[in-house]
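Let's start with one chain on its own, the form predicted alone, as C-alpha cells.
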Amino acid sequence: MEKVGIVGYGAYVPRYRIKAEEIARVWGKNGKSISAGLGVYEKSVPSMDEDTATISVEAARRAIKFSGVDPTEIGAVYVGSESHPYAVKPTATIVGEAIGATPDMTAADYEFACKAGTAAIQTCMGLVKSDMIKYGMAIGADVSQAAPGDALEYAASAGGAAYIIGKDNIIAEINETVSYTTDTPDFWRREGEPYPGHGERFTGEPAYFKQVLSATKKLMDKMGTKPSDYDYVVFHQPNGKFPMRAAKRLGFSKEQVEEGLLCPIIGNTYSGSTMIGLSAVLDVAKPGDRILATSYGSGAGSDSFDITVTDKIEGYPRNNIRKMIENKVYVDYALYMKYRGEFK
C-alpha cells in the first residue's frame, strides 16, 4: 500500500500570556497551590483581533511556507474547533481563500470538543489514500471559553496547528490510526450559551482516562508495539497532570512525554492541544524516530496515531514552536478580560 503521512505542518500561539497566579489573585485563591495542582503556570491569551479563523490562517500559512506545497493542489481543508467565530459560516472557507487554495476543494468545519482536528487528519488520510485528492489540510484551533472564576479559566487558552497530509515528500509517515468513542457527557455547551459546563472530577476517570488509555492500548495492540518502542508520546493536555498520569499508567516514561507537553506554559488550546504538542516533537525529531499521539475530545472520544519520522524531516525548516512561545507579553486580569471581549 502507498504510504500516507504528514507533508508539512505549522503551529501558532498568540504572544499574550496571563499567569495562573494572577487569575487566582482576582478570585481570592491560592495561586501557587492551584498552579501546582493543575500543572499549569500560565496560558496564552488571544488579542482582540485574534480568533479561531485568524489562528487557523496563521498555522496554515506556516505549513504552506515550510512544506513548499502548492496551495492549489490542496483538495480539502477541514478546521476542527469548538470556538468557530460563526455559528453559520464556515471557518474552512476563510482559510482556503487566505492560503490560495483552489475553489475546487472540499471544505468543512469539524466539531468534537478537543479532538476535532485529529478527526480532520483521519478524513484527509482517507481522501488521500483513495486518490480523491492530492493533499488535504487538517487544522485544530481554538480560542477556548471558560466562565470567569471557573476552574477551567486557569487553563483555557488559544492556539492551533495545521497539518498537510499527502503521499509525496512525507516527513512523518502515519503508519496507523484508531479511535475509541463513547457517549460520556463530561463537558458540554448548548447553542447560545457563552461558556461550557463540565462534570468536574467526572471529566477525569470515566472520560479522559477511559478514552485515552483505551485508544492508545488499541493502537499498540494493532501495531504489536509496547511503550519502549516509541521515542515520543503526545497526549491531549487539559492540564499538566493528566498526560503524565496517563503515560505512567500505560508504561511510558516522563522523558517520552516532556518534549510535547506544552500545557504548563501555554494552557489548554483545546482542538490545538495534541496537534501543537505533536508539532513540538516534530521540531526536534530525527529520521527513524517513532511517535505515538493520542487526542481526546469530551463527549467523548480519542484518536490515536502511530507515526514514523522519515529522512525528509532533515530538509524541513522546523517551525520551532518552543521559540515562538518564548516571545511573550504578560497581561493583567483586566487586559485579559478586555482581550476576551468580556467588556460589552
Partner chain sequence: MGIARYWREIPQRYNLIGTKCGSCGRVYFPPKAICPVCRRKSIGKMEEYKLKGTGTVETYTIIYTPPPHFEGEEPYAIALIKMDEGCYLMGEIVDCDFEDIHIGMKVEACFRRIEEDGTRGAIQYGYKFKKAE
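It should be emphasised that the depicted structure is a prediction, and the values quoted were computed from it without experimental measurement. Residue numbers count along the first chain shown, from 1.
Form predicted in complex with its partner chain: not shown, discussed below.
S.K.: Would you mind picking out the stretch of 169 to 177, 108 to 116, 80 to 88, 206 to 214 that comes within 4.5 angstroms of its partner chain in the predicted bound form, counting non-hydrogen atoms?
M.R.: Comparing against its partner chain in the predicted bound form, the contact stretch is 80 to 88.
S.K.: Just give me the single entry in Val128, Ala98, Met244, Ile265 that has a non-hydrogen atom within 4.5 angstroms of its partner chain in the predicted bound form.
M.R.: Exactly one residue meets the criterion: Ala98.
S.K.: By the heavy atom within 4.5 Å rule, which residue out of Thr54, Asn319, Thr308, Ser67 makes contact with its partner chain in the predicted bound form?
M.R.: Looking at Thr54, Asn319, Thr308, Ser67 one by one, just Thr54 meets the 4.5 Å heavy-atom criterion.
S.K.: Hey, with its partner chain in the predicted bound form, do Ala147, Glu191 and Tyr270 all fall inside the 4.5 Å heavy atom range?
M.R.: Contact check failed for every one of Ala147, Glu191 and Tyr270.
S.K.: Mark Asp49 yes when one of its heavy atoms lies within 4.5 Å of a heavy atom of its partner chain in the predicted bound form, and no otherwise.
M.R.: Although its partner chain is absent here, Asp49 would touch it in the predicted bound form, with heavy atoms inside 4.5 Å.
S.K.: Would Tyr16 count as a contact of its partner chain in the predicted bound form, using a 4.5 angstroms cut-off between non-hydrogen atoms?
M.R.: Flag for Tyr16 set to yes.
S.K.: Counting only non-hydrogen atoms and a 4.5 angstroms cut-off, does Arg61 reach its partner chain in the predicted bound form?
M.R.: Arg61: yes, in contact with its partner chain in the predicted bound form.
S.K.: Hey, in the predicted bound form, is Arg340 touching its partner chain, heavy atoms inside 4.5 Å?
M.R.: So Arg340 does not count as contacting its partner chain.
S.K.: If we check its partner chain in the predicted bound form, which of the residues in 266 to 299 reach within 4.5 angstroms of it by a non-hydrogen atom?
M.R.: Contacts from 266 to 299: none.
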